[in-house]
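First, one chain by itself in structure tokens, the form predicted alone.
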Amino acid sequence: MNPHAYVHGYSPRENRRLSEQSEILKQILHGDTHFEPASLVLEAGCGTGAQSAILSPMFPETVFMGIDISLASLAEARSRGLHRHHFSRTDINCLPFPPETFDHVLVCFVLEHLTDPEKALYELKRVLKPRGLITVIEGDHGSCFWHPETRASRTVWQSLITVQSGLGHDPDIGRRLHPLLSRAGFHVQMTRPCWLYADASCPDLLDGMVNKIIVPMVKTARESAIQQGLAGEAEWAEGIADLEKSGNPPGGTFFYTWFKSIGVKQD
């Protein structure tokens, strides 16, 4: 099993999805995010810098260090030209920083792609200052539902979950953020659901959620799903088409939940 496997891959289309996703979800995920001025923040698993680009104008006096294992993603992040953002190729499980380096750690859509998220949290705690904060945001694929739901659309969604789980990763990790942080030795200040529901009353949000985030994300699992016999080619095409219908007003609706936790490193 490849410890650095990423179910969605590193295509230009995936890079675009990540950027569009960060913009669409900006207020939902980061409306209450806070970093102190002049603080040093570690963005663990920064990927292409999609979240970095959102956070940079929100916190103009904060310095960010973004780390990721993918050189291609880091090249994309650096190309954004973000001031006060430094990027480095680093394994989240073996950080090259001294203990108690950072004031705050941000982890967004990362733990779900790790075989041992608790190990990563211990390492992140090591480089966090006493009383420093960690903010973790993760999705929960089991929370997702839509209308109209068909057998084929449910098959392609479940195929993504099965493919990701087969890598040793957890697409439902959002629901267990509190116990994960607690076991890693953090005092959890807050855990809250960040949910999105969209229908014909907000057509732009519905289109963005389904056609710019969900459908492109599911499509990344196509080859693996068909190879593993989770869906045939015709069934896959039917399922994607049915899933797209949930993003079309007036009849489509979509709901998904992310979870956001804030923990404190004990003295």
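All values derive from a computational prediction rather than experimental measurement. Residue positions are given as counts along the sequence shown, with the first one as 1.
Absent from the display: the form predicted together with a further copy of the same chain. The rest refers to it.
*Asks:* Just one of 97-105, 68-76, 82-90, 175-183 has heavy atoms within 4.5 Å of a further copy of the same chain in the predicted bound form; which?
*Replies:* Every other range fails; the passing one is 175-183.
*Asks:* Just one of 242, 235, 207, 199 has a heavy atom within 4.5 Å of a further copy of the same chain in the predicted bound form. Which one?
*Replies:* Exactly one listed residue reaches within 4.5 Å, namely 199.
*Asks:* For the spot marked by 145, 149 and 255, is every residue within 4.5 Å of a further copy of the same chain in the predicted bound form through some heavy atom?
*Replies:* Spot residues vs a further copy of the same chain: full contact, yes.
*Asks:* With a cut-off of 4.5 Å between heavy atoms, is residue 166 one of the residues that contacts a further copy of the same chain in the predicted bound form?
*Replies:* Outside the cut-off, so no.
*Asks:* Is residue 251 close to a further copy of the same chain in the predicted bound form, meaning a heavy atom pair under 4.5 Å apart or at it?
*Replies:* Yes, residue 251 is a contact residue.
*Asks:* State yes or no: in the predicted bound form, is some non-hydrogen atom of residue 195 no more than 4.5 angstroms from a non-hydrogen atom of a further copy of the same chain?
*Replies:* Yes, contact at 4.5 Å.
*Asks:* Is residue 155 close to a further copy of the same chain in the predicted bound form, meaning a heavy atom pair under 4.5 Å apart or at it?
*Replies:* Looking in the predicted bound form, residue contacts with a further copy of the same chain do not include residue 155, since no heavy atom lies within 4.5 Å.
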